[in-house]
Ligand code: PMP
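Presented as C-alpha coordinates, the chain that follows is alone, the form predicted alone.
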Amino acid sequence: MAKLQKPEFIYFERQIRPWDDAKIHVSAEAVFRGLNCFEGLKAYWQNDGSMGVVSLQRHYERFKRSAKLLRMPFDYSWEEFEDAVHGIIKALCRPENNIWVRATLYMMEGHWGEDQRTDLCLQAFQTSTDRPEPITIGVSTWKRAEDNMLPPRIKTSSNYQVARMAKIEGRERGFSEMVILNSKDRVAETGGSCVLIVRDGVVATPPASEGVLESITVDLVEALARERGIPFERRPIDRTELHIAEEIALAGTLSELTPVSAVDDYPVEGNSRILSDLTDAYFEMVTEGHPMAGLSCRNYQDESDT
(Lines give C-alpha, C1' and ligand atoms only; values in the text may rest on other atoms or scores of the structure.)
Protein backbone atom coordinates (compact mmCIF):
# COMPACT_ATOMS: atom_id res chain seq x y z
CA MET A 1 0.00 0.00 0.00
CA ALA A 2 1.28 3.47 -0.90
CA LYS A 3 2.37 5.63 2.02
CA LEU A 4 -0.10 8.38 2.85
CA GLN A 5 1.18 11.82 1.96
CA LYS A 6 1.28 14.74 4.37
CA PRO A 7 1.79 17.86 2.23
CA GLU A 8 3.40 20.96 3.71
CA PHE A 9 0.46 23.23 2.90
CA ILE A 10 -3.33 23.16 2.71
CA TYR A 11 -5.98 25.67 1.62
CA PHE A 12 -8.38 26.33 4.50
CA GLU A 13 -10.43 29.35 5.62
CA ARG A 14 -9.67 31.11 2.32
CA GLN A 15 -5.89 31.00 2.54
CA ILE A 16 -2.95 28.68 2.13
CA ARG A 17 -1.63 27.69 5.53
CA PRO A 18 0.50 24.96 7.15
CA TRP A 19 -1.11 21.51 6.98
CA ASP A 20 -1.48 21.15 10.76
CA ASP A 21 -3.30 24.48 11.11
CA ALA A 22 -6.47 23.21 9.37
CA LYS A 23 -8.84 22.13 12.15
CA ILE A 24 -12.57 21.48 12.51
CA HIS A 25 -14.30 21.29 15.89
CA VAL A 26 -15.71 17.88 16.84
CA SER A 27 -19.19 19.42 17.24
CA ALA A 28 -19.28 20.79 13.68
CA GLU A 29 -21.81 19.23 11.32
CA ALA A 30 -18.88 18.19 9.11
CA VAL A 31 -17.76 15.86 11.90
CA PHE A 32 -20.95 15.18 13.80
CA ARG A 33 -23.00 14.18 10.73
CA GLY A 34 -20.25 13.79 8.14
CA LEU A 35 -21.76 16.66 6.16
CA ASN A 36 -19.62 17.59 3.20
CA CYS A 37 -19.36 17.40 -0.57
CA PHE A 38 -16.22 17.24 -2.67
CA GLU A 39 -14.54 17.09 -6.07
CA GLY A 40 -11.36 15.41 -7.25
CA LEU A 41 -9.28 17.50 -9.66
CA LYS A 42 -6.31 16.35 -11.74
CA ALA A 43 -3.58 18.66 -12.98
CA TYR A 44 -1.05 17.65 -15.61
CA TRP A 45 2.18 19.28 -16.71
CA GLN A 46 1.76 20.54 -20.24
CA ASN A 47 4.34 20.48 -22.99
CA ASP A 48 4.77 24.27 -22.70
CA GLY A 49 5.72 24.04 -19.01
CA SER A 50 2.37 25.17 -17.62
CA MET A 51 0.15 23.17 -15.30
CA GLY A 52 -3.33 22.39 -16.61
CA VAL A 53 -6.30 21.31 -14.49
CA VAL A 54 -8.67 19.12 -16.50
CA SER A 55 -12.26 20.36 -16.89
CA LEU A 56 -11.93 22.63 -13.87
CA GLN A 57 -15.04 24.67 -14.65
CA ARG A 58 -17.14 21.53 -15.14
CA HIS A 59 -15.92 20.22 -11.79
CA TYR A 60 -16.81 23.57 -10.22
CA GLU A 61 -20.36 23.35 -11.60
CA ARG A 62 -20.79 19.75 -10.40
CA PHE A 63 -19.42 20.80 -7.00
CA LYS A 64 -22.12 23.47 -6.75
CA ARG A 65 -24.80 20.95 -7.73
CA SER A 66 -23.74 18.59 -4.94
CA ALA A 67 -23.88 21.45 -2.45
CA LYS A 68 -27.31 22.48 -3.71
CA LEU A 69 -28.74 18.97 -3.32
CA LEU A 70 -27.35 18.79 0.22
CA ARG A 71 -28.67 22.32 0.95
CA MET A 72 -25.17 23.51 1.81
CA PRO A 73 -24.21 27.17 1.23
CA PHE A 74 -21.68 27.57 -1.59
CA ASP A 75 -20.43 31.15 -1.74
CA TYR A 76 -17.25 30.74 -3.78
CA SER A 77 -17.18 32.41 -7.17
CA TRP A 78 -15.62 30.68 -10.16
CA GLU A 79 -12.70 33.12 -10.08
CA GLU A 80 -12.03 32.57 -6.37
CA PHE A 81 -12.25 28.79 -6.80
CA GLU A 82 -9.90 28.75 -9.80
CA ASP A 83 -7.36 30.99 -8.04
CA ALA A 84 -7.47 28.83 -4.91
CA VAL A 85 -6.93 25.60 -6.86
CA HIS A 86 -3.96 27.00 -8.75
CA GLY A 87 -2.63 28.54 -5.53
CA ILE A 88 -2.36 25.24 -3.69
CA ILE A 89 -0.97 23.50 -6.79
CA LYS A 90 1.70 26.19 -7.20
CA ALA A 91 2.67 25.81 -3.53
CA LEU A 92 3.10 22.03 -3.76
CA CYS A 93 3.80 20.97 -7.35
CA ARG A 94 7.02 19.25 -8.33
CA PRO A 95 8.43 19.03 -11.85
CA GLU A 96 8.60 15.20 -11.75
CA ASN A 97 4.96 14.63 -10.75
CA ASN A 98 1.43 15.51 -11.75
CA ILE A 99 -0.89 16.49 -8.94
CA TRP A 100 -4.36 15.60 -7.65
CA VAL A 101 -6.45 18.05 -5.67
CA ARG A 102 -9.33 17.12 -3.40
CA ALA A 103 -11.67 20.07 -2.99
CA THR A 104 -14.01 19.56 -0.01
CA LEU A 105 -16.80 21.82 1.22
CA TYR A 106 -17.32 21.25 4.95
CA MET A 107 -20.31 22.33 7.03
CA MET A 108 -18.60 24.33 9.76
CA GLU A 109 -21.62 25.78 11.56
CA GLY A 110 -25.36 25.22 11.61
CA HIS A 111 -27.86 22.77 13.03
CA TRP A 112 -30.47 20.90 10.99
CA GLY A 113 -30.15 23.39 8.14
CA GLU A 114 -30.29 26.60 10.18
CA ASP A 115 -27.59 29.30 10.47
CA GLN A 116 -25.25 27.35 8.23
CA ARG A 117 -21.68 28.26 7.29
CA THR A 118 -19.39 26.22 5.06
CA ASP A 119 -15.68 26.33 4.33
CA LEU A 120 -13.68 25.16 1.33
CA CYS A 121 -10.65 22.97 1.95
CA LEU A 122 -8.14 22.08 -0.79
CA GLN A 123 -5.65 19.28 -0.34
CA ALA A 124 -3.09 18.52 -3.05
CA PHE A 125 -1.16 15.26 -3.47
CA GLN A 126 1.65 14.15 -5.77
CA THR A 127 0.78 11.60 -8.46
CA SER A 128 3.01 9.72 -10.85
CA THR A 129 3.27 10.72 -14.49
CA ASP A 130 3.21 7.00 -15.39
CA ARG A 131 0.04 5.49 -16.79
CA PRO A 132 -1.97 3.08 -14.61
CA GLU A 133 -1.00 -0.59 -14.82
CA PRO A 134 -3.67 -3.27 -15.46
CA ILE A 135 -5.51 -4.46 -12.35
CA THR A 136 -7.76 -7.34 -11.35
CA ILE A 137 -11.17 -6.55 -9.89
CA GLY A 138 -14.08 -8.37 -8.29
CA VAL A 139 -17.78 -7.79 -7.75
CA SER A 140 -18.73 -6.70 -4.25
CA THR A 141 -21.54 -8.01 -2.09
CA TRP A 142 -22.32 -4.39 -1.14
CA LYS A 143 -24.95 -2.43 -3.09
CA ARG A 144 -25.29 1.12 -4.35
CA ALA A 145 -28.00 3.27 -2.72
CA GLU A 146 -30.84 4.52 -4.92
CA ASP A 147 -31.69 8.11 -5.80
CA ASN A 148 -34.40 8.37 -3.12
CA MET A 149 -32.01 7.06 -0.45
CA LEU A 150 -28.69 8.83 -0.98
CA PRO A 151 -28.46 10.10 -4.57
CA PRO A 152 -25.27 8.86 -6.28
CA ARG A 153 -25.07 12.12 -8.25
CA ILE A 154 -24.18 13.88 -4.99
CA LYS A 155 -20.41 13.63 -4.57
CA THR A 156 -20.36 13.40 -0.79
CA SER A 157 -18.28 11.30 1.57
CA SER A 158 -21.45 9.61 2.85
CA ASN A 159 -21.86 8.06 -0.59
CA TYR A 160 -18.40 6.53 -0.29
CA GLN A 161 -19.03 4.52 2.87
CA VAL A 162 -20.13 1.61 0.68
CA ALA A 163 -16.97 2.14 -1.39
CA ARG A 164 -14.87 1.81 1.75
CA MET A 165 -16.62 -1.42 2.71
CA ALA A 166 -16.22 -2.79 -0.81
CA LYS A 167 -12.53 -1.83 -0.85
CA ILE A 168 -11.92 -3.70 2.39
CA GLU A 169 -13.82 -6.70 1.03
CA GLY A 170 -11.77 -6.61 -2.15
CA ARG A 171 -8.48 -6.44 -0.27
CA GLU A 172 -9.46 -9.57 1.67
CA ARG A 173 -10.22 -11.34 -1.63
CA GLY A 174 -7.05 -10.19 -3.39
CA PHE A 175 -8.62 -7.65 -5.76
CA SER A 176 -7.37 -4.12 -6.40
CA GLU A 177 -10.87 -2.71 -6.85
CA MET A 178 -14.48 -3.84 -6.58
CA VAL A 179 -17.54 -3.30 -8.76
CA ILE A 180 -20.61 -2.25 -6.80
CA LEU A 181 -23.97 -3.40 -8.14
CA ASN A 182 -27.23 -1.46 -7.87
CA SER A 183 -30.50 -2.66 -6.35
CA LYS A 184 -31.34 -4.42 -9.64
CA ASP A 185 -28.07 -6.40 -9.45
CA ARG A 186 -26.69 -4.57 -12.47
CA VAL A 187 -23.34 -2.80 -12.66
CA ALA A 188 -23.21 0.65 -11.07
CA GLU A 189 -19.56 1.62 -10.61
CA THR A 190 -16.51 0.80 -8.50
CA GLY A 191 -15.63 2.54 -5.28
CA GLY A 192 -14.21 5.55 -7.08
CA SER A 193 -14.48 5.00 -10.83
CA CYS A 194 -16.97 4.34 -13.60
CA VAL A 195 -16.87 1.14 -15.62
CA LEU A 196 -16.30 1.03 -19.37
CA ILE A 197 -16.61 -2.20 -21.36
CA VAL A 198 -16.27 -3.14 -25.02
CA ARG A 199 -18.58 -5.69 -26.62
CA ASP A 200 -18.82 -6.30 -30.36
CA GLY A 201 -16.81 -3.18 -31.05
CA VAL A 202 -19.07 -0.89 -29.00
CA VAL A 203 -18.01 0.96 -25.85
CA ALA A 204 -20.68 0.80 -23.14
CA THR A 205 -21.05 2.30 -19.68
CA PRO A 206 -24.02 2.47 -17.27
CA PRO A 207 -26.08 5.70 -17.32
CA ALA A 208 -26.66 7.84 -14.23
CA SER A 209 -30.05 6.16 -13.71
CA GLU A 210 -28.18 2.95 -12.81
CA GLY A 211 -26.69 4.53 -9.69
CA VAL A 212 -23.60 6.10 -11.23
CA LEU A 213 -21.92 9.42 -10.57
CA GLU A 214 -22.30 11.76 -13.53
CA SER A 215 -18.70 11.32 -14.59
CA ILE A 216 -16.75 14.10 -16.29
CA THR A 217 -14.02 11.64 -17.29
CA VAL A 218 -16.55 9.37 -19.01
CA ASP A 219 -17.93 12.39 -20.88
CA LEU A 220 -14.42 13.11 -22.18
CA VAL A 221 -13.90 9.50 -23.25
CA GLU A 222 -17.27 9.51 -25.02
CA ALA A 223 -16.32 12.68 -26.88
CA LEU A 224 -13.02 11.11 -27.96
CA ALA A 225 -14.83 7.98 -29.12
CA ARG A 226 -17.40 9.87 -31.17
CA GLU A 227 -14.66 12.02 -32.70
CA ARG A 228 -13.13 8.76 -33.96
CA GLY A 229 -16.38 7.20 -35.11
CA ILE A 230 -16.38 4.60 -32.32
CA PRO A 231 -19.89 3.59 -31.15
CA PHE A 232 -20.52 4.58 -27.53
CA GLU A 233 -23.59 3.56 -25.51
CA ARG A 234 -24.91 4.40 -22.08
CA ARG A 235 -27.02 1.41 -21.11
CA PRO A 236 -27.57 -1.05 -18.26
CA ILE A 237 -24.77 -3.61 -17.91
CA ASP A 238 -25.32 -7.04 -16.38
CA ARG A 239 -22.74 -8.57 -14.07
CA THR A 240 -22.07 -11.45 -16.48
CA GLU A 241 -21.17 -8.97 -19.22
CA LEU A 242 -18.08 -8.15 -17.20
CA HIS A 243 -16.99 -11.78 -17.56
CA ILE A 244 -17.29 -11.83 -21.36
CA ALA A 245 -16.28 -8.28 -22.28
CA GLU A 246 -13.58 -7.80 -24.89
CA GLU A 247 -12.04 -4.93 -22.94
CA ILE A 248 -12.69 -3.25 -19.59
CA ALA A 249 -11.33 -0.05 -18.10
CA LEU A 250 -12.11 2.04 -15.03
CA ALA A 251 -12.56 5.75 -15.69
CA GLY A 252 -12.22 8.58 -13.20
CA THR A 253 -10.26 11.73 -12.43
CA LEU A 254 -7.78 9.92 -10.19
CA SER A 255 -7.90 6.48 -11.84
CA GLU A 256 -7.73 8.12 -15.28
CA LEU A 257 -8.25 5.11 -17.58
CA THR A 258 -7.11 2.00 -15.73
CA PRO A 259 -7.15 -1.24 -17.75
CA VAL A 260 -8.72 -4.33 -16.16
CA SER A 261 -7.12 -7.72 -16.81
CA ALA A 262 -9.61 -9.94 -14.95
CA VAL A 263 -12.98 -9.79 -13.16
CA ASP A 264 -13.82 -12.36 -10.49
CA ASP A 265 -10.89 -14.43 -11.85
CA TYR A 266 -12.39 -14.36 -15.36
CA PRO A 267 -9.59 -13.10 -17.65
CA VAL A 268 -10.42 -10.26 -20.02
CA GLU A 269 -9.30 -12.05 -23.18
CA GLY A 270 -10.86 -10.08 -26.02
CA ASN A 271 -8.86 -8.90 -29.00
CA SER A 272 -10.16 -5.35 -28.87
CA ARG A 273 -7.82 -2.35 -28.64
CA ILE A 274 -10.55 0.26 -28.60
CA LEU A 275 -10.09 1.30 -24.97
CA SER A 276 -6.32 1.08 -25.31
CA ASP A 277 -6.43 3.49 -28.23
CA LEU A 278 -8.84 5.79 -26.39
CA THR A 279 -6.45 5.77 -23.43
CA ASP A 280 -3.64 6.97 -25.70
CA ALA A 281 -5.93 9.71 -26.98
CA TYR A 282 -6.97 10.67 -23.44
CA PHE A 283 -3.43 11.19 -22.18
CA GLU A 284 -2.53 13.14 -25.29
CA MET A 285 -5.60 15.33 -24.75
CA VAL A 286 -4.85 16.21 -21.11
CA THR A 287 -1.16 16.99 -21.66
CA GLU A 288 -1.17 18.82 -24.99
CA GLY A 289 -3.76 21.53 -24.43
CA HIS A 290 -6.56 19.93 -26.46
CA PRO A 291 -9.66 22.21 -26.25
CA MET A 292 -11.84 19.19 -25.43
CA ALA A 293 -10.03 18.78 -22.07
CA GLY A 294 -11.28 22.16 -20.84
CA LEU A 295 -7.89 22.85 -19.26
CA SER A 296 -7.37 25.70 -16.83
CA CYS A 297 -3.66 26.36 -17.44
CA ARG A 298 -1.16 28.57 -15.66
CA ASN A 299 2.59 28.81 -15.98
CA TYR A 300 3.72 29.38 -12.41
CA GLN A 301 7.25 30.39 -13.47
CA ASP A 302 5.75 33.34 -15.32
CA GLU A 303 3.75 34.49 -12.29
CA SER A 304 5.16 36.91 -9.74
CA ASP A 305 5.29 35.86 -6.10
CA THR A 306 3.14 38.78 -5.03
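Numbering starts at 1 and follows the sequence shown. What you see is a predicted model; the values in this text were computed from it and never measured.
Note that the form predicted in complex with this ligand isn't included here; everything after this is about it.
Comparing 115-123, 213-221, 198-206, 229-237 against this ligand in the predicted complex, the single stretch with non-hydrogen atoms within 4.5 angstroms of it is 213-221. By the criterion of a heavy atom within 4.5 Å, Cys37 is excluded from the residues contacting this ligand in the predicted complex. Taking the partner from elsewhere, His86 is found to have every heavy atom lying beyond 4.5 Å of this ligand in the predicted complex.
Contact annotation for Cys194: at least one heavy atom lies within 4.5 Å of this ligand in the predicted complex. The closest heavy atom approach of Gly52 to this ligand in the predicted complex falls outside 4.5 Å. A heavy atom within 4.5 Å of this ligand in the predicted complex is found for one listed residue only; from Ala43, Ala251, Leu56, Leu275, this is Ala251. Taking this ligand as positioned in the predicted complex, the residues of 149-177 that bring a heavy atom within 4.5 Å of it are, in sequence order, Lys155, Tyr160.
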